[in-house]
Structures are given as C-alpha cells and as structure tokens.
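The chain that follows stands alone, in the form predicted alone, written as structure tokens.
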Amino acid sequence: MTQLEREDVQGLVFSGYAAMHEARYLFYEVADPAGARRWLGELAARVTTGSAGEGAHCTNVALTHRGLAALGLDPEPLSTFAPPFQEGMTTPYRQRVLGDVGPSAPDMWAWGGPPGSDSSAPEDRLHVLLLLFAPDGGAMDSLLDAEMSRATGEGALRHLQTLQPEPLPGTISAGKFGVEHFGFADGMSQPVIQGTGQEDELAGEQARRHVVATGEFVLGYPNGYGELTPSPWLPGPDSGKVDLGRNGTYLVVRQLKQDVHGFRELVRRLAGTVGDDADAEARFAAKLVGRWYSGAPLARTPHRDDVDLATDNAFGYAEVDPYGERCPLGAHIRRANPRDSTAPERARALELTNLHRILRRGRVYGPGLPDAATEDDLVERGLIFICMSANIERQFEFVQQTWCNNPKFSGLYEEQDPVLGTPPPEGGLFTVQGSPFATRARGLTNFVTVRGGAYFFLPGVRGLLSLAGRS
C-alpha cells in the first residue's frame, strides 16, 4: 500500500475544487528575488494541501523554470528538472510535438509566447502562477485583494496578467462537473491515484482500467514501471542533496479558444455523413467526440443518447467495438484515452495505456454561445486546460503527439483529432467506420486554437520552504 504524504502535496493534485465556483489564475514576474523567496515561504503556510480539505477557500502555487532561476537557483539544480520543463513550450521542437502551428503558433499567443512576442506575459517574464479558488464572488474578492497585496505590496513580485475561469457550466452532479462550450458533458473520465483511498472501491477490471500508480502523478513514489521518476534536487548541508521534487508534480497550462459557432455549423453541414433523420446532427457530433452531449459513451449506446449512462466510465473498446463501428477509431476520447485497444491482450493494453494518463483540472472561460445563435458573436470563449503528470514527455506530450495529432493513429491515414487538431488549409478528414463500408467526412476546420501555454512545477509544501531557503 502506497502511503501518500497528503499533508505535503498541494491539494490541486487530489481535487478540482468543484465546490469553489470562482477561480483566478495570476501570473507574476519575480521583481526582487529575496522578497519573492520570503513571500514563497510565508505562502507555504497558506497553501491548500491534500489533507487540509477545501475550507473557506483554496490556494496553490507553481513556478516555471525561468521563475526558479529568477529566485536564485544555480544552474546545477536547475538542470535536474525534466527537459520539457527546462526548455518550455515554445521551442520549434515542442511546437511540432504539440501541434502548435498555424493559428496556434506561440508567436500568436496572448500569454506565454516567446521573448519579444506581443504576449502580455511572455515566457521569459512568466515566473509564478498563483491559483486561487473561492465559493463565491465576495469570498474571491477578499482572497484576491489579500493575496495580491502580499505578493506585490513590497515589490517582491510584479503582476502580469490574471485569467478568470469558471467551473464547467450546467448542472453539477455526482461524477460530472457540467458541460464545456461545445455542449458536451465533461469531467467524468479521470484516473484514480493509487494511495488516495479512492481505489478501495474498485477491483478487478475496474481497478486495472482506472487505478494508476502514484508515481505517475506525484514525484517520490513508484511509477507504472515500478521505478522512481527522476526528481529535481537542491544542494543540502554537508554536501548532501535535498529532494526538491518529492510530493511535487509538473503542471501543464494551456488556454484553448473554442470556435463554437464553427463547430455547430460543421456539424449541421456534415450530419448527412451518418444519416438524414432528426438525430443526425447529434449523432455526428457524438461521432467526432466519442460521447453524446449528455456524456454517454458511444461504445455503450451507439445509436441514441442515454442520460442514464451520462457518467459511465466503465467501458472499453476491445470486445464491443474493435473496428470503430460504434465509436470511430479517430474520435476525440478514443485518441485521448484508447483504454484497452492499444495491444492484442486487454489487460496488457490497459497497463500500457495507463502509462500515458494525465490528471485534468480544466475550467472554461468566457460566456456560452446561446443555442439559438445563428452567427458568431465574436466573443472569445474556451477552456483553460490544466493537467498534471510526473513525466511531461511520456504523459502529456505523448498523448498530444502519438495519439491526438498522429495522422496514422489506429491505422487511419491523414487524420488528426477532429476536435483539437489543426487541419490543413483544404480541410481535415474524419472517417466514420461502419458496415458494410466506412464513410469519410471532409472539410473539417479548426475548432480549437491555442491562446497561451506554459509548463510549471507544483512543489510540495516542503519544496516551497526549501525554495524559500527555510528548513
């Protein structure tokens, strides 16, 4: 049994704080290194941990590699962090890995773009991310004023930008946080971290499907290979080393703008791919995503939506849908989590898939586009995607490159994730498998555009104190 040191792990690892309806993500630049270290040491006492519960509000903090350097870390300990974290998200290589091309290229980002870009918080100045959560607007105003004053009052940090997300809109119910802007229920497909106690309710196939080794998400514990992921360190007393990474994790943050009107128009235009009945539009949209609007998976209910299955996550593809005739092989959720379809033997397939899982903590931003809207209102809306992993390359970047953006995923040809991908100018392709033949939708456009992004490190509480120079 893995014994997690919950009191040292920041609470965001265990919870998306669904009861906290207000959130603010604040970007800071280190202005005074000594003052910033003092601030970080004082903040450590206020950080919400995995053992503290949500309380009246929640506070978490993360830093970029440049932020750690701005605090005064020497090159040697800085070199012990994961290579993607050191390099950042905007290098040409990482642009290719993540598919950040065309309108999603970092030069176009509103924040996190390369030095010299028009970003309000370019990567060379983006040092600290402070995440604040509160149950309502009044509590958030008080929390925001207090934390802003502490961070900037004595010149330790310089405020660059604030993102204002919100929980997924819609009815909040058990196992489902609501809907994202395209209209699909979201939030029900998350891995269970071994050692949290949540795995006690699962056994057999369900455990193999959902329970993931602690070290896949929290440094300092065995990962899916039974090994310890390399952890960053600081010089310690008597020529020793301090494990800075223990109980920490890497945080991926990306702002994804959604073209809701464009998505709806494409669904209307291509609905004939799957039929000419009254439900064709909803069915084609479900084919693109892999779930119906309610959240019900196509693998379980391929012909019609079933709200009784809205929160169902206990399904696979190998036995009921090996050829994609229920849920297309290239559908978004099948690419992002292939479940038991990555190897001939189901147990081995689940084992392999779970080596590439990520823990999501996203929230939407911007107002929803009314269902009755007949044209684009030109208001920006989308998702602030946040995920955690102990190994950025093997988890987040692998999912992006090898599954979502791979044109030959699962035997396909010249196709990308139909929701997240950046198709060529002539339009993208999407195959709907069927019997006796498959049909192919053509002319898919760009529905999601990256507006900002960065890699952060989310230390444990002891790690924060070490960075502050306190034991």
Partner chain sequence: MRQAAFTILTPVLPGHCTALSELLTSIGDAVVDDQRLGLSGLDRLHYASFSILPGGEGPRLAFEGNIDGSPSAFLENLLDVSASAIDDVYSHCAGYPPLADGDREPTLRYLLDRDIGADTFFVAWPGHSLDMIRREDELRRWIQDFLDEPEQASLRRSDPENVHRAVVEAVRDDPSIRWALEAEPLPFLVRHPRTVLVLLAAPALAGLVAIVVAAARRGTARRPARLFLATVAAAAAGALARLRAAELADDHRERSRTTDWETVYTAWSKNLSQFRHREDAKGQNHLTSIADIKPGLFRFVTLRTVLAVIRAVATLSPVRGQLGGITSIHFARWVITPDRRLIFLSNFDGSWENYLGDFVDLAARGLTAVWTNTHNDVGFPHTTWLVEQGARDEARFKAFARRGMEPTLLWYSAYPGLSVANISNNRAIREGLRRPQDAGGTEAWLRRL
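If you're wondering where the values come from, they're calculated on a predicted model, not measured in any experiment. Positions refer to the first chain, counted from 1.
From this point on, the text means the form predicted together with its partner chain, which you will not see here.
- Heavy atoms within 4.5 Å of its partner chain in the model of the complex are found in exactly one of 410-418, 23-31, 45-53, 58-66, that being 410-418.
- For the options 164, 79, 142, 149, the one in contact with its partner chain in the model of the complex, meaning a heavy atom within 4.5 Å, is 79.
- Checking 281, 380, 393, 265 against its partner chain in the model of the complex, a heavy atom within 4.5 Å turns up for just one residue: 393.
- Contact check for 93, 227 and 241: all three have a heavy atom within 4.5 Å of its partner chain in the model of the complex.
- Mapping the unseen interface onto this chain, residue 105 falls outside it, with no heavy atom inside 4.5 Å of its partner chain in the model of the complex.
- Contact between residue 355 and its partner chain in the model of the complex is found at the 4.5 Å heavy atom cutoff.
- Although the partner is absent here, residue 71 lies well away from its partner chain in the model of the complex, with no heavy atom inside 4.5 Å.
- At the 4.5 Å threshold, heavy atoms of residue 401 reach its partner chain in the model of the complex.
- Applying a 4.5 Å heavy atom cutoff to its partner chain in the model of the complex picks out 323, 325 from 319-343, in order along the sequence.
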